[in-house]
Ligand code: ASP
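One chain is shown next in structure tokens, namely the form predicted on its own.
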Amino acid sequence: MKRILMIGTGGTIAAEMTEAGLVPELTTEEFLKYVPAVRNFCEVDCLQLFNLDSTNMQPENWLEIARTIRSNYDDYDGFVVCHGTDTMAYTAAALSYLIQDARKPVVLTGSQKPINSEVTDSKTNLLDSFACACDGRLGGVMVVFGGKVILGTRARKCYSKSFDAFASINYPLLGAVQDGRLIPYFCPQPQHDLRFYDALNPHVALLKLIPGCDASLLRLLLSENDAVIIESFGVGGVPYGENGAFYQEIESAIGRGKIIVMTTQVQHEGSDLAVYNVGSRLKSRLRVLEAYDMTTESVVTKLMWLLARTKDPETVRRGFYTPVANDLLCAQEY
């Protein structure tokens, strides 16, 4: 039988009700007892790293998960990481940069209801995740949730309460799990040898534009961070284009070596700064980075990974436009 390491990090799946609401308290050993069928098709070892509400997940926790997988990689056929749903997409993206070109499956899963609830999605998600981890046809980081198998750099939580919580953004599903069996739709193949990374730069910020947003907010974020992602409207741009205060702040920041990335608040189809006047000069004159079809979760964590290796703007540019784990499909420049 395949050997799987189950890594516990907390989340709703491990939560128990207290007077202050749900709090992660169960260990992986405890809630694995709710799905005894797992041990019929694989050997499972359990490792509890921490027990966090995933709202409290930090970059240092991503690094600890990656280090744990690295130190145990040769001893297991796959890994199941139990995680809270609220930041699972960020963790999946971060692990995709910290663990690159893995042939073995690294599966993240969780639930919308605790495992000890009368009605819960946790048992199905766990069984599906172990089925995927044991199958071996899909490698690398992925999210298994609600019967879907989603690439780690493309996952996003789209529903706050429903069991069908996660979707694959701008990328097809890797597969599905039905009746305990993985049905792979296609199997992306690693392009390089397995690589692990052990550093992230957390000084990355996100500014979501709203009508009336003041450029002073961007200035404040730039003063405290090495990179700022501007989540704009539609295909992308800033208020009043090259004649506005945002443009002037961006121009000044790029002159100081700061990294600016433009992305979109729209969930599907990505950005295209060249379409409108409010975005075209950002792209052609200032050469801001453009996220295209990447998810915001991947943009954030990719910048953290890149900036831990270099702060040279041109090196960051090349790295940003180099696809990793199929995080970027439609970039028009490198």
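The first residue of the shown sequence is 1; numbering continues from there. Here the structure is a predicted model, which means the values were calculated and not measured.
Omitted from view is the form predicted in complex with the named molecule, to which the following refers.
Residue 140 falls outside the set of residues with a heavy atom inside 4.5 Å of the named molecule in the predicted bound form. Although the partner is absent from this view, residue 105 stays clear of the named molecule in the predicted bound form, with no non-hydrogen atom inside 4.5 angstroms. Residue contact with the named molecule in the predicted bound form: residue 225 places no heavy atom within 4.5 Å of it. In the predicted bound form, at least one heavy atom of residue 111 sits within 4.5 Å of the named molecule. The stretch that touches the named molecule in the predicted bound form, counting heavy atoms within 4.5 Å, is 50 to 58, out of 34 to 42, 64 to 72, 50 to 58, 284 to 292. Proximity to the named molecule in the predicted bound form, defined as a heavy atom within 4.5 Å, holds among 91, 232, 122, 85 only for 85.
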